[in-house]
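Listed next as structure tokens is one chain, alone, in the form predicted on its own.
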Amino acid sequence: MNSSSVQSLAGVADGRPVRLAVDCMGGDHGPSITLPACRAFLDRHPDAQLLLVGRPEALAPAEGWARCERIAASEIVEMDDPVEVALRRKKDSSMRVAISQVKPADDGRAPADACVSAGNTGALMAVSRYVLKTLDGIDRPAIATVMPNEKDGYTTVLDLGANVDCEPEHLLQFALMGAALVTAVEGKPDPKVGLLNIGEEVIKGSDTIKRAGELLRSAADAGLLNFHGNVEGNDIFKGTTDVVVCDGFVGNVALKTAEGLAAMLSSFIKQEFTRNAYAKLAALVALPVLRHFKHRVDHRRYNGAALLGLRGLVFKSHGSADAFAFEQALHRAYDAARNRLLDRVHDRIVESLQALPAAETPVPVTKTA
């Protein structure tokens, strides 16, 4: 990371309010969802400021809001736009303008500390990578988010769709970034990392997974990671490790499966408690328990995935998010900026890639002040 990138978050530590750039036009619903979410976020975070990006007429309801600035953008990246369209043709899109707010200016400071968008995932990743570039030592950014576990906590999982095919070195980089994320946001100094596989045994899995396991064990031997070993899909929800690493194809399937299962279980419970008069009476008695259950499995609470590995903080919200879910994404971005996630990821990557044998880390690291 160059010096200007490091300085872009210096203001957070200096007491300057955390500033988030928001792509208000992205997602399935646009300003009808993003603006109420932003209003609620500002009410709950008196030390935060928002840069609302979008078409002027769409941002009109935010006129006069305190700690809020509106930035005009004439175009919108639609949810079905190809990546090429978002990257090459829509250069004044709300998505691109919002991401640009995270890029440091000539004085070394960025207008915003993080960016949040509910837009097209592929476009968001491509535009973010083009505008912000990747950290030194990182081949590919990864998408990371949290999933609930039975320990009443969270398991951070990455990658969730940015990279369908991965090399072992990429999985090592994901592990380092995921550990830095958990340390920064959750305050765990030595988070436990697991490699998602079809079994716990070292001999199981594809050649890529076996080689990734070797790299992760080498990193653990060097004191760079707290590597638990292979984990299976159910370990995500057991809370066996703090971080679970996988390629984007597997991670995305796991995420969507978990969301679908939670929705199905909630539907089943509702059906059973409304089946007849006796069931409805039982539902009244169990109402506090049912509400708590619904709260714990509500996927909206976990909305907001970090795009790790970039020279700036970018967070992805579900495209179908409602105002409550989008507000959670804003909160995650705020937390990451306040805890200097960008600097922590950079420091861990530099330290780790310099300590590992050169043969295992073919990407050179150029550390600057």
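Sequential numbering from 1, following the sequence displayed. The structure displayed is predicted, hence computed values, not measured ones. Only the largest set of C-alpha atoms that superpose within 1.5 Å between the two forms is called the rigid core.
Although it is not shown, the form predicted in complex with another copy of the chain is what the next lines describe.
Residue-level contacts in the predicted bound form: of 275, 188, 91, 109, one residue has a heavy atom within 4.5 Å of another copy of the chain, and it is 275. Interface residue among 217, 211, 256, 133 relative to another copy of the chain in the predicted bound form, by the heavy atom within 4.5 Å criterion: 256. For the chain shown alone, residue 196 is a contact residue for another copy of the chain in the predicted bound form, at least one non-hydrogen atom being within 4.5 angstroms.
Not displayed here, another copy of the chain is approached by residue 165 to within 4.5 Å at the level of heavy atoms in the predicted bound form. Contact check for residue 205: a non-hydrogen atom falls within 4.5 Å of another copy of the chain in the predicted bound form. With a 4.5 Å cutoff on heavy atoms, residue 297 counts as touching another copy of the chain in the predicted bound form. If you check another copy of the chain in the predicted bound form, you find a heavy atom from every one of 236, 285 and 293 within 4.5 Å. The candidate stretches are 221-229, 98-106, 136-144, 242-250, and the one lying within 4.5 Å of another copy of the chain in the predicted bound form by heavy atoms is 242-250. The partner is not shown here, but in the predicted bound form the stretch 150-172 reaches within 4.5 angstroms of another copy of the chain through a heavy atom at 150, 152, 161, 164, 165. Relative to the superposed rigid core, residue 259 undergoes a CA displacement of at least 2 Å between the shown form and the other one.
Once both forms are overlaid on the rigid core, the distance between the two CA positions of residue 151 between the shown form and the other one is under 2 angstroms.
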